[in-house]
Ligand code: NDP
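Here we start with a single chain on its own, the form predicted on its own, put down as structure tokens.
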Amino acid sequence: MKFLTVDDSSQVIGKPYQGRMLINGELCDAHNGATAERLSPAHDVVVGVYPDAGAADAERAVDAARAAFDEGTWPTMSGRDRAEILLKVAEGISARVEEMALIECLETGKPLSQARGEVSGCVDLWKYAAALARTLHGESYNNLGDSTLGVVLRQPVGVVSMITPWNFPIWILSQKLPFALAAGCTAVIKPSELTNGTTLMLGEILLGAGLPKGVVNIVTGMGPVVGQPLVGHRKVDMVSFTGSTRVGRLIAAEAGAALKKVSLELGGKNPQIIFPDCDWDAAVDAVVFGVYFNAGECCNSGSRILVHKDIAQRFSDAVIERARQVPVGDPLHPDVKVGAIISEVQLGGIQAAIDEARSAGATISLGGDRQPSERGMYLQPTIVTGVTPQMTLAREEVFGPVLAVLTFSTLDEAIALANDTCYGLSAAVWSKDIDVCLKAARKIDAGTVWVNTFLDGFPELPFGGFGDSGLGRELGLNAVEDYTEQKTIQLHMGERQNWWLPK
């Protein structure tokens, strides 16, 4: 298994990024002056220094967002004018792709080439949201009788708290923020304390684009200190969260107690179903890509494959051989495909899942151990065969570069195995028989089912899951509508008959 290094990464890393929060239109430090450093998980050096905010900072951010919504111009601004600012933000991101990609690479450990693709892809999300800002509309009903006209308005829901994870910091924020802004909402954002960089850079871009003060506020710090107040706050109208199912449940409970609107994008245990008549090379490549992209730290990771018994051994061998060739190493190296793991805690959890599978009788057919390196936290790309449906590795999210291989005999069995988990985020079906693909796609309980491809995506297509994978959808034509409330206005024309007088 290849492990690639860079001769002198210090010249590329440079000085740590000094980020500042955005509150009420100003870049600022924490009220108490506290800061926190971020060590690169690949290089063991400080790459970012950020405000370590407290409850007072969160309160200021919420107050600013509330005032901007209740007293400012953003909610009543025309769709055209909001769209123009969103397009300026897209231009600002495009101009800083390299800078943002580097800090994302350094903070997450993902390969620089993948970080570059993530940041540049965000440009399209902001452009798509700008288009929806101009097309958001209500309804009218002229079929209610001669004396009645019905009008249904869509109004922005209000102040939205957005809590984002560490695995795709700027991408996941861009699945939320531009659509909320397009609807006329204001926002308070809390990024993961592990990956503040690109979110704070976005704050600088928002200011440069002319966004009115208080419309977007960004606070950095620990979840219990800064994030929790943003969930139950009486001045917050909606909570949008992406992260673990465990934390999602807690957020849903607290937001539900206050009757707040919630959007939750949570975990996944996503199967790729491989039939004997698949496009062999494409399927093998998609399996390796699906599980090792972003080091498997991805809710959409193809972390389990269900392979027909007639080809199970041969297909597994092909995947193992392909996986052996995946370059692991310093994420700054241009050829690296699997970089560092985000933290020691995450690495320990992944290794514990592998050890449990081994104890349960599965076979570690590739990898399974920490990758030796002079610095940083790396795990060997791992493939586990002989996995049975009852094993934890077949049912629970690992969030690392670990593939579980299961087998099936019939289409119905494959569908049952695919659905035999609490998650329902995504799945894939590989067969040249379109009837097989469509039957599987209809019966698999997942928000997205790919047919003869994997991990493709477009802003036009909704994203979200069933069951423990979350509530609601992001992206798609309805993405802006999710940040609105409907209001019915019923107009009466002409004389109205008094109800108690005789006709």
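One-based numbering along the sequence shown. As the structure is a computational prediction, the values presented were derived from the model and not from experiment.
FYI, the form predicted together with this ligand isn't displayed, but the following is about it.
- Of the stretches 107-115, 144-152, 271-279, 397-405, only 397-405 has residues with a heavy atom within 4.5 Å of this ligand in the predicted complex.
- A residue is said to contact a partner when one of its heavy atoms sits within 4.5 Å of a partner heavy atom; Pro224 meets this definition for this ligand in the predicted complex.
- Shown alone here, Ser120 lies farther than 4.5 Å from this ligand in the predicted complex, counting heavy atoms only.
- Of the heavy atoms in Trp126, none are within 4.5 Å of this ligand in the predicted complex.
- A residue is said to contact a partner when one of its heavy atoms sits within 4.5 Å of a partner heavy atom; Glu204 fails this definition for this ligand in the predicted complex, lying far away.
- Of the candidates Ile163, Ala283, Leu211, Ala323, Ile163 is the one whose heavy atoms come within 4.5 Å of this ligand in the predicted complex; the others do not.
- Of the listed positions (Gly367, Gly290, Gly376, Gly243), a single one reaches within 4.5 angstroms of this ligand by any non-hydrogen atom in the predicted complex, namely Gly243.
- For the three residues Thr421, Val449 and Val451, a heavy atom within 4.5 Å of this ligand turns up in the predicted complex in no case.
- Along 248-283, these residues reach a heavy atom to within 4.5 Å of this ligand in the predicted complex: Leu250, Ile251, Glu265, Leu266, Gly267.
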